[in-house]
Ligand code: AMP
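Shown next as C-alpha cells: one chain only, the form predicted on its own.
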C-alpha cells in the first residue's frame, strides 16, 4: 500500500506540473492587416534546433531531401559566434550579430544592469529590455502586417513594445499535431486577421544531439521523426491553397565532445576579483576592478592548455565579439575559448556527449542548415555557404517589408534564390 501511494504521489505531481504549463494562445487585440498587406505572400520560418548542416543526408530525411530539391538548398549556413541557441535564433530574425543585438549567449552577465540573463528564467525571457534590433515580427507589425510565433526566441517579450499578434509561452507539452493544426487555423483566418509571417520552433533534434551525441541512433530517430512532422506540416498547409513560402533553418550544429577530460576553472582566476560567466566553450570574466585585468590575462596566457585566452580588445575580428562590436557592454573583459572537442566544466556531473558553441570557422560541425521552397523561390538551386544574418533581408524582401535601420546582413541571397 505504501509503495502504491508513493507511485500515485509521483503521478499526481507530474500531472500537476503539466497542468501548470500555460498552453494558452495569446492574441493581441484590435490588430488587422492593412488592405495592402493582405495582398502579400506568406512565409513560414521553421527552425529545427541543432539540425546540423549534414543531418538530412546523414540520416536520410527523405521528405526534407525532396522538399529542398523543389527549391533552394545551401551547402551550409554559418551561425554567429558563440554558436548557441538564443544568440543565433535572434540573429536570424534581426539580421544582427549577437554583440550587435545584445543577446550574447544563452546565459550572460550585464555589468551595467548588474544582472544576469538566463534563457530558463521567464522574467528575463519576457523582459523586452534585454533585446536589441528589430525582429521580423516587429518589422511586420509596424507596417500593419500580422505575425504569429510558436516559441521563437524573443517572441514572448514586448520588443519596442510590440509582440506578435499571435504567440505562445514556451512549452514542450503541446502535441505536434496541435501545433500544426494551429498553423493551419491561422492561415484559414479571414484575410484581415491572417498572419503573413509565422515563426515555428522545434527543439527535439537538439535535445537528442546533446543527450546522446550527433552520431547516436537516438539522434537519427529524432531527425527522422522531425522529417515526418515536416511532411505533415507542408501537407496540412497545402490544404489552405495559399501561396506559402517555407524557409527551413537551424541555429547551429553539434559536436561529440571529450567528456572524460574536461577543463576546470583555471587557478589564475580569482573569483573575488572577477565575475565568472558562461562555461562549456566560452568563459567570460568581468573584472570587478579593472586593475586586475592585465595581470590575470598574462597569467592565463602562460598557463593556457587546450584553450585560448583573449582580452575583449584583441578578440579575433571574424568572431565579431570584441570591444568594437560590444554595443551593450555585455562581453567579458577576458575570454577563454576552449579548443574543440574540449569543454570547460565546473560541475561534478559528467557533461552530455553532444554540444555546440565553438567558432564555426574552425569547427565545421557547428554549421547549420538552410533550405527554402515555395512559389517565390527558384527550383533546384544550390548556393554556397553563407551567414545566418542573410535570412533577415531575404524574408523582408519576400514579404515586401521595408526597413532603413542598419543590419549585418547584406542581401547577398536575394538574386541567387528568388
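Residue numbers count along the first chain shown, from 1. In this text, all values refer to a predicted model and were calculated from it rather than measured experimentally.
The discussion below concerns the form predicted in complex with the named molecule, not included here.
Relative to the named molecule in the predicted bound form, residues 265, 307 and 350 are all farther than 4.5 Å at every heavy atom. This chain is drawn without the named molecule; in the predicted bound form, the residue among 125, 244, 269, 340 with a heavy atom within 4.5 Å of it is 125. A single residue from the set 194, 286, 210, 311 has any heavy atom within 4.5 angstroms of the named molecule in the predicted bound form; that residue is 210. Heavy atoms within 4.5 Å of the named molecule in the predicted bound form are found in exactly one of 164 to 172, 177 to 185, 230 to 238, 134 to 142, that being 164 to 172. Contact annotation: residue 85 falls within 4.5 Å of the named molecule in the predicted bound form, judged by heavy atom distances.
At a distance threshold of 4.5 angstroms between non-hydrogen atoms, residue 153 is in contact with the named molecule in the predicted bound form. Remark: residue 119 counts among the residues lining the named molecule in the predicted bound form, judged by a heavy atom distance of 4.5 Å or less.
The named molecule in the predicted bound form is not approached by residue 390, whose heavy atoms all lie more than 4.5 angstroms from it.
In this stretch, 38 to 64, the one residue having a heavy atom within 4.5 Å of the named molecule in the predicted bound form is 49; the partner itself is omitted from this view.
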